[in-house]
Each structure stands twice: as structure tokens, then as C-alpha cells.
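Coming up is one lone chain in C-alpha cells, specifically the form predicted on its own.
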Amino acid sequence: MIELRDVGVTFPGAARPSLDGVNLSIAAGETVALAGPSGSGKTSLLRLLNALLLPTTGSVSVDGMDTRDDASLWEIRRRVGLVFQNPDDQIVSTTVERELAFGMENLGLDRDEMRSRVETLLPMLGLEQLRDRPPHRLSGGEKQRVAVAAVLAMRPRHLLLDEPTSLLDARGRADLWALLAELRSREERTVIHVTQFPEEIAYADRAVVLVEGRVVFDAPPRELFAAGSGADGWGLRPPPAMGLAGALRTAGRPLPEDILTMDELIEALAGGTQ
């Protein structure tokens, strides 16, 4: 369980708080999409959750541990893995293989276990052919996959992703989310991800929208994209499946009104929900 209670963050010299009066409770195993305009506090919120940033006011707790408690920092950061928006900010090793092993070495895992996890993750993230390549010579999308793999190798209980697909093409985005869904099916893992892609928001359990440091929406994605929800005003377009389903209904195809994802649309077209 992750809890934020009346959390505020104000940076020195800032005209307004980065976060202001944020209250959130996120259950173990939930997938939460964080959305909102640029500068709304999404990255600040993520960094609070593994104590890279401490609240100015209020409190943040991870599995009952207060992030302001120095004695809990090691355990919090072991449980909470963060993938930065810019992978260059966290890649430190000379080869892809070494990068995946770096975090596990800091956790004190034995070499056989580290080797096993590396050999599992390299093909899962499409990195097998890049294992001996220097990360700084990879493309932006390849670096992003390396950063994700390195954090997954440590098997955090809570996974934080700051726009993890911003450097990936459409196929790469789909592959990454399919992988995360598979991993969640195997073990209970909280996933909190910042995204502006409506199709990614649609597959989350909850959508949380921040505007000027405040939570203005917290509910299932289907409610976010419902008529009159305010999503347009926050710069959030409906998922492509909604628009396509609407066009098909206009053309005379009988389809449910509440289609949100491509999976739902495909099922409906195949007759599964008619």
C-alpha cells in the first residue's frame, strides 16, 4: 500500500507549489496512470514514492514505512523501482548486460541468480543482440528498454514509470505494455506510470489527473473519457478505440457505447459482446 496524506511540495524560489494537498491511496497490485498537463507535478509525485524527493508538508508512506524515516530508506528503495523519463539519467554501466546486473549487485544477489534474471530479461525486452553494446551508443528507444529491464531485474514490489514509452514507436509501446501485463499476472506488482497516451491510460485500473499540483480526477479510465468528464480541458484525447467504434456505429455497425480499448473493440466486432 502506498499512501500520500495532504502532501505538498514547494521548491525554493517557485511561484507556486509543485504539489498541493495531494491525497492518494494505492493498493498493492494496482495499475495507476498519472496524466495531466506539462508541469502539473507528475514527476514530483513519482519521486516522492521512493524518497528521491521528500514532502514539504504532509506524509508519504510505502508499505507502512514513512519516506522521511532515514532508517527505512534502504527498504523503501529496494521495494520501489523508478524508471526515469530520460534513460541517460540512470544508465551507468559500460555494456547493456552490465547495466542489467548493476542494481542486483547493489542488492547483494548471488551471481547465479543475477545471471538467470539477465538471461530472462534480455530476450523479453528485445535486447539479446545488444547485450555487449555500450548503452550510450544505443538509440533513445533502446536505452529506454535497457532502463526498464535494469529496474525489472531488481524485481521491485512497486514499479514507477515516468513516460516509459515516450521514446518508443507504436509497436515498442504495445510490446512493453504486453510485457508489463504478463509480469503483473505472475506476481502482485503495483505499477504507477506517467503517460499522455490515451490508449495506455485506458488499460490502467485507475486514472489520476493532476493539474497545477492538485488531483482533479481519480477514477477508472472509462469515467475519465466519458462525455462531460473534463478530459478535453486537461488535454487528454479519447483512446483511438473509442473514436473508431463511434465511426463504425455512425456507419451502421451495432456496437456497445462504452468501448474503451482495442481489445474490447475487436471482441465486439467478433460478436463477443453483442
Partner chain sequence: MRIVLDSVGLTYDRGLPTARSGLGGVSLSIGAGDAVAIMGPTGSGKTTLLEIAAGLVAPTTGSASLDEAEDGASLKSRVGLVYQFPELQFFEETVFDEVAYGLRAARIGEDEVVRRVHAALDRVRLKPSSFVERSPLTLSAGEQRRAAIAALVVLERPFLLLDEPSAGLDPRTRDRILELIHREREAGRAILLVTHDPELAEETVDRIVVLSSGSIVADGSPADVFGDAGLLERLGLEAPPAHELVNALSRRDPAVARDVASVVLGRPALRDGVSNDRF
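Positions refer to the first chain, counted from 1. Keep in mind it's a predicted model, so treat the numbers as computed, not measured.
Note that the form predicted in complex with its partner chain isn't included here; everything after this is about it.
**Q** Does the trio Arg47, Pro156 and Pro221 actually contact its partner chain in the predicted bound form, every residue with a heavy atom within 4.5 Å?
**A** Verified in the predicted bound form; spot residues all out of contact, no.
**Q** Residue-level contact is defined here as any heavy atom of the residue lying within 4.5 Å of its partner chain in the predicted bound form; does Arg189 satisfy this criterion?
**A** Residue-level check for Arg189: no, no contact with its partner chain.
**Q** Give a yes/no on whether Arg249 approaches its partner chain to within 4.5 Å in the predicted bound form, heavy atoms considered.
**A** Yes, Arg249 lies within 4.5 Å of its partner chain in the predicted bound form.
**Q** Indicate whether its partner chain has at least one heavy atom within 4.5 Å of a heavy atom of Ala181 in the predicted bound form.
**A** Contact with its partner chain, no.
**Q** Taking its partner chain as it sits in the predicted bound form, is Arg237 near enough to touch it, meaning that at least one heavy atom pair lies within 4.5 angstroms?
**A** Looking in the predicted bound form, residue contacts with its partner chain include Arg237, since a heavy atom lies within 4.5 Å.
**Q** For the interface check, one of 239-247, 66-74, 49-57, 26-34 should have non-hydrogen atoms within 4.5 Å of its partner chain in the predicted bound form; which one?
**A** Comparing against its partner chain in the predicted bound form, the contact stretch is 239-247.
**Q** Counting only non-hydrogen atoms and a 4.5 Å cut-off, give the residues of 134-167 close to its partner chain in the predicted bound form.
**A** In sequence order, Arg137, Ser139, Gly140, Gly141, Glu142, Arg145, Glu163, Ser166, Leu167 come within 4.5 Å of the partner.
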